[in-house]
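Next up: just one chain, as structure tokens, the form predicted alone.
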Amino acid sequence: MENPIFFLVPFAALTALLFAFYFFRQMMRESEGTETMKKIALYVREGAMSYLKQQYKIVSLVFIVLAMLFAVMAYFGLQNSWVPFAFLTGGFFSGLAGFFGMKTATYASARTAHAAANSLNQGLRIAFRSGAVMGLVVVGLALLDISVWYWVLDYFVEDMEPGHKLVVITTTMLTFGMGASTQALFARVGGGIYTKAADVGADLVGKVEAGIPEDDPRNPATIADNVGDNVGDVAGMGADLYESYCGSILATAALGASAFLLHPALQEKAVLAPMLVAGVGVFLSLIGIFLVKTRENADMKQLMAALNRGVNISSLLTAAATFVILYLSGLPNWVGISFAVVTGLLAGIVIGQTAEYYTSHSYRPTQKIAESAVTGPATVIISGLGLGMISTAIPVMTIAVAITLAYLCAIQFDVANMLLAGNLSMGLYGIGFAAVGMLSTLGLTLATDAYGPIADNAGGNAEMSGLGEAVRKRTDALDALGNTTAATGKGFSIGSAALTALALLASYIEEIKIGLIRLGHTTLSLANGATIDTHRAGFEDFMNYYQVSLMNPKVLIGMFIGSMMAFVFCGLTMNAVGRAAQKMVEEVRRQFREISGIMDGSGLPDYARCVEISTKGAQKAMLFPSLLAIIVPVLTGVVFGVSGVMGLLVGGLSSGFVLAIFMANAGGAWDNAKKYVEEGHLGGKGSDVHKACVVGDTVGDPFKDTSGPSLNILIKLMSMVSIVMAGLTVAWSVF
């Protein structure tokens, strides 16, 4: 390890983990409230841990099988022998990040409710800093994992021709991203099915049919609903963003190793630069976390402003720090690369603000959905679908502008020669840095996302514990804010997925190069009759060699398959929620019908039975769609080769990104339209307008919490699988 500045990365990782522990201990010192509040929190905690235990058993079996497959491939020389180990560690740390976040959330909800009895600001502080535990654990574990693997591979990988050692190290490190992505998809899909099956059952029978409030203790599904918020929106989200964060850093490092292949003196600096930007982002995220506070009786806009203050100040400080880091690194065109990072930061803020505008009930789009409920649930669904579709325009254009600017900044706006070999490599490196920039303050932005389910559970605890109307009003305000921050966080995550997936697409070509060299293909014969040494070939040479163009039927077939995957995946997960929700509805109706005294409070519902239904439904349904995301890229590569896989990744990225934005925003808007009515508008709780909005919210639940957020993992997992299986694709394909 020649560059001592590398050690800033593990230092930042340890700092993040220490502050996560500090915030956790600070939260645990707060009172959990009355005995009833403690008992309810315990039910939720036990249910969440029981579910995760079952999920990890199934996922562990999948990981063992895949690791054995990778070991066999490594034995036959189809991939690096480090891959099975990197794959397992990626999955382990991804699951660990989700576990720690969920454990914190299950302890924080009752404490948030109790704090809200004293003041709105105190409730916000506990919920937000508890969410920050997950944000800091995710970035801490990710940077620690990256640091350790970089050190290990630097020590063990043999020296080779100048420049090629770092290419091997960075592409090998990318493979632990597949482990993280696989774990994240299982966590998101399984947790999403669990939480929405419970939520739909609780809402349809409890609110619409029985006319009782949300989180009423008489509703048998209410504990399962609160458990679901933790296993889906916390554990699943933590695993999801862990792999996004790792993927953006590792893909950019791999692109840096490639871009500076012929300049070994600069190559290590280019590889370390994204890690250093992410490391400094940890310290600046901590500043933002301490800035989040509000005053009593704050409205929705003021609460949102409190969170945005922390995010915006951290983003500005990170942008300034990036210029210093890249200047000190001595990279050529450090100013342009710094502006690529700023482009990513700004794109993340724009996407987040767009999600806030379309999903917050402080603004007209969501209020119009609520107003459409006057004529029934059908018009609520129509207006929500329309809003979701329209809401894709700004994020898509933002990503398009971000990609263009990041590319041009990295090549110093040399538009006339933008596709020449050197400019292409540097431009892609700039796009990777835009993804790093968007996620550089993840410790803070993920805190705003994890805050949502904690606030939701706090409201549930307050309702079930019979706390006063004033407390419930405060927890409702925190909950409504959580719905918006969740939509903002999902938009942020999906936007970063688009940039990361594009960087991974370029990294796939690097892995193809290594696969060819490993199999003994030392030269490439290009379509124009020329030949070139494989280890010196650039992106455009591989595009030429594999005939990756829109006129190649294999590319078009791959694009159609990739586009189809986004919709089939959503259909499978939506239907899984529907099937589990049907069983939940039937069970809740049965208990209302057969257990005497539930409605007058003299009888106790069977909460455990509803938890069991959600658990079984999620465990059975998560396997097929998750495994499909692994199998399809492999089969596409085996049948249609490299050109087919390139088409698959492009099709999956373009359709998956737009579909994910649509589903996240439509679902968030439906949810907050219901909240808007519950605040007393248009007839308030229990009115026909409210019931119509509940139906819309029920449709939106799997949109925003199951299918939509899983799509960004699908996009990246297909890229990661393609990278890991590149050796097999190069070695053999039907066409």
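Note that the rigid core is defined as the largest set of C-alphas that superpose within 1.5 Å between two forms. From a predicted model like this one, the values you see are computed outputs, not experimental measurements. Numbers for residues come from their place in the sequence shown, where the first is 1.
Heads up, the form predicted in complex with another copy of the chain isn't pictured, but that's what we're talking about next.
Novice: Tell me, please, which stretch of 393 to 401, 331 to 339, 268 to 276, 218 to 226 lies within 4.5 angstroms of another copy of the chain in the predicted complex when heavy atoms are compared?
Specialist: Only one stretch passes the 4.5 Å heavy-atom test: 393 to 401.
Novice: Does another copy of the chain come within 4.5 Å of a heavy atom in each of Met389, Leu550 and Val585 in the predicted complex?
Specialist: Looking in the predicted complex, the three residues Met389, Leu550 and Val585 all sit within 4.5 Å of another copy of the chain (heavy atoms).
Novice: Any chance Ile381 has a heavy atom within 4.5 Å of another copy of the chain in the predicted complex?
Specialist: Residue-level check for Ile381: yes, a contact with another copy of the chain.
Novice: Is there any non-hydrogen atom of Val695 lying within 4.5 Å of another copy of the chain in the predicted complex?
Specialist: Because a heavy atom of Val695 falls inside 4.5 Å of another copy of the chain in the predicted complex, the answer is yes.
Novice: Can you tell me if Asn575 lies within 4.5 angstroms of another copy of the chain in the predicted complex, counting non-hydrogen atoms only?
Specialist: Heavy-atom contact with another copy of the chain at 4.5 Å: present for Asn575.
Novice: Using a 4.5 Å heavy atom cut-off, state whether Ala305 contacts another copy of the chain in the predicted complex.
Specialist: Outside the cut-off, so no.
Novice: Of Ser362, Thr89, Gln619, Asn544, which residue is found within 4.5 angstroms of another copy of the chain in the predicted complex when only non-hydrogen atoms are counted?
Specialist: Selected residue: Asn544.
Novice: Have a look at Met173, Leu326, Leu502, Val167 for me and say which one sits with a heavy atom within 4.5 Å of another copy of the chain in the predicted complex.
Specialist: The option sitting close enough to the partner is Leu502.
Novice: Using a 4.5 Å cut-off on any heavy atom, which residues of 553 to 581 would contact another copy of the chain in the predicted complex?
Specialist: Contacting residues: Pro553, Lys554, Val555, Leu556, Ile557, Met559, Phe560, Ile561, Ser563, Met564, Phe567, Val568, Cys570, Gly571, Leu572, Met574, Asn575, Gly578.
Novice: Taking the rigid core as the frame, does Glu35 move its C-alpha by 2 Å or more between this form and the one not shown?
Specialist: It does not reach a 2 Å shift.
Novice: Could you check, with the core superposed, whether the Cα atom of Leu682 shifts 2 Å or more between this form and the one not shown?
Specialist: Yes: Leu682 shifts by at least 2 Å between this form and the one not shown.
Novice: C-alpha of Arg364: shift of 2 angstroms or more between this form and the one not shown, rigid core aligned?
Specialist: Where the cores coincide, Arg364 still shows a C-alpha shift between this form and the one not shown that is 2 Å or more.
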